[in-house]
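Same chain, two versions here, written out as C-alpha cells and called structure 1 and structure 2.
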Structure 1
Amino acid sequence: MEAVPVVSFDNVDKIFNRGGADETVALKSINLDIRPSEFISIIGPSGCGKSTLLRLVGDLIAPSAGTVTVNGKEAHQARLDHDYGMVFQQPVLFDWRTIQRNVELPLEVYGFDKAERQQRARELLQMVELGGFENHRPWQLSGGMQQRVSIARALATAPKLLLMDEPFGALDEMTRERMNMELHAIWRQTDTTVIFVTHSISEAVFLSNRVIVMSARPGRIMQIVDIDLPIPRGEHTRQDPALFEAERAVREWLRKAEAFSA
C-alpha cells in the first residue's frame, strides 16, 4: 500500500491583497504530494513563490484556494500538534541564552521537564557536531555553526517534517558545501522529511530525491526532476557524471521557468 503523503497540495492558489490595486497572484494551481522521508528541494526564479509554498505548509499564511494537508490533517492543526520544525535564512538565536538553552527552547515551551530538555539538547548538539559548545553564546560561533544550532533546535521535538528556507544562502561556498554534507547526514540519521528552498542548482541536486522547478510568477510547478544518485552522498558524489547530468536538466528547466509567464 502506498504511503500517505507527509505534505499534500491540492489545487492550491495564493493571492495577496485580493481585489486591491496591488493584487498579486503568487501561486497558481499547485498540486504536489511529498512522501515520507523524502528530501525535496524547491528552486525557481526570484519572486516565484518558493518561500510562500513553505509558509503555506507552516500555516504562517493560508491558501486563497485549494487545500494544504500535513500528516493527513489541515496545516493549522499540524502547527498546533508541532508536526514540523522550521529553519530560516538567518539562525534567529537568542544571544542571552547559551547554545544549549537555545536548543532547549522549544522543549521548554512545550513543557518538557528540565532533565529531559538538557539531555535532548546535548544529544542534538552532538549530532550536529557542536558537542563542547553547550555553554557558548551565539555571537561566539561562526555563521555555519549558528545554522547548525538552528537545525538542532528545529529537531528538538523530533518532528517528522523539517521546513528549510534558504538556510545556507549567506554562507561562503566552502562552508555551504560542508553544511550540505552535514545536513545530508542528519537527514539520513533522523529519517525526517525535508522541504528545502534554495537558489542553488548544485545544492538542490546534491541534497534531494526530487527537485521542484517553479515558473516565474504566478508560481506554478514547471517540472519535477528526479535525482537518481546513490545514497549516502559525499565528496565522491560531486564527481559523479549523473550529478552533472541532473544539474544540466534542472538548469534547462530553470531557463524555461524564467521565460514562462501565464
Structure 2
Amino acid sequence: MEAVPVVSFDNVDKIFNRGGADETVALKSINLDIRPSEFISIIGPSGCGKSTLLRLVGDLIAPSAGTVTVNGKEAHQARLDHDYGMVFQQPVLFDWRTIQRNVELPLEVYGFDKAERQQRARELLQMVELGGFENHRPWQLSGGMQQRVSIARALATAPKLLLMDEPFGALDEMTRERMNMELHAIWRQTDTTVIFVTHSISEAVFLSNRVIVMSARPGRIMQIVDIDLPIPRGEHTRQDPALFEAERAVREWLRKAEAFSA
C-alpha cells in the first residue's frame, strides 16, 4: 500500500471574488498527491496560481471547491498542528525586531524556551551566511539577505513540510547555487517534504524529484515531469546529460503552457 500523501489536492478550484466583476479563476481542477520526503517544484507563468496553491496547502486561504489534505488531515487542522513552515514570496520581516529576533519569532509562538530559541536562530543565520548580522535590523539588509533571513526563520522550527515561494528569486547566481546545495543537504538529512515554487528551470530540475508545470487562466497542472537524476546531487549533476535532457523537457512543457495561457 502507498504511504499517505503529505499533501493531497482533490479536485480543487480557487476562485477569487466569485460573482464579482473582477472574478478570477486562479486554480481549476487541481488533482495532486505529494509523497513523503518528496522535493517537488512548481513552475509556470506569472499569475498562474503558484502562490495560491501554496496558500491553500498552508490553509491561509480556503478552496472554493474540492479538498486539500495535509498529512491525512484537513489543511486547517494541519496548520493548527504546526505541520508546515512557509517561506513567502516577500521576506515579511518585522522592522521592530533584530534579525536574530525575527528568526526566533516562530519559536516564540511555539513556546520554545529562550536559550534554545537563541541557539537555533544563531545556527540558522550561520547556515544562510548571515552570521554577524544578528543585531542588524531588516531594513539594513539587502533584498537577497532579507529573503535568506526568512528562509532561516522557516527552517527554525524544523518543519516536516516546507512550503517555499520563490525563496531564491532575489539572489545572485552564485549565492543561489550555494543556497540550493544547502537546501538539498537539509532535505537529504531530514525527511522533509518540500514544495518549491520557482521561475528557474535549472533550479527546479537540479533540486526536485518532480517538476510541476502549470498553465495560467485558469491555473491548471499542465504536466508533471519526473526528474530521475541520482541523489545526492552536486557538481557532478551539473555535468550530467540527463540534467540537460530534463531541463529541455521542462522548457518544452513550459513553452506549451505559455502558448496555452496566451
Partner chain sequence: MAAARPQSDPTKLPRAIRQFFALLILLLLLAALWETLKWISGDPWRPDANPFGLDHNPPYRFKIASDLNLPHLWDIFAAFGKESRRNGPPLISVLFSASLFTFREAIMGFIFGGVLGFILALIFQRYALLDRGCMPYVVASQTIPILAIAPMVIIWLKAGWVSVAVIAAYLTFFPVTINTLRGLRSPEPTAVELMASYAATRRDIMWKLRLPAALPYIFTALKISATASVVGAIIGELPSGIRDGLGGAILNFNSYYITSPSRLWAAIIASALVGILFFGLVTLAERLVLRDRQAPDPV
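Source: prediction; values computed, not measured. Residue positions are counted from 1 along structure 1's sequence. The term rigid core refers to the maximal set of C-alpha atoms that superpose within 1.5 Å between the two forms.
Visitor: Which of these two, 1 or 2, is the form predicted in complex with its partner chain?
Guide: Number 2 is right.
Visitor: Are Thr98 and His82 part of the same rigid unit, between structures 1 and 2?
Guide: Different rigid bodies, so no.
Visitor: Through how many degrees does the small rigid part swing between structures 1 and 2?
Guide: After superposing the larger part, the smaller part appears rotated by 17 degrees.
Visitor: By how many angstrom does Glu129 shift at its CA between structures 1 and 2 when the core is held fixed?
Guide: Displacement of the alpha carbon, after core fit: 7.1 Å.
Visitor: Give me the C-alpha shift of Glu104 between structures 1 and 2, core superposed, in Å.
Guide: For Glu104, the C-alpha ends up 3.7 Å from its position in the other form.
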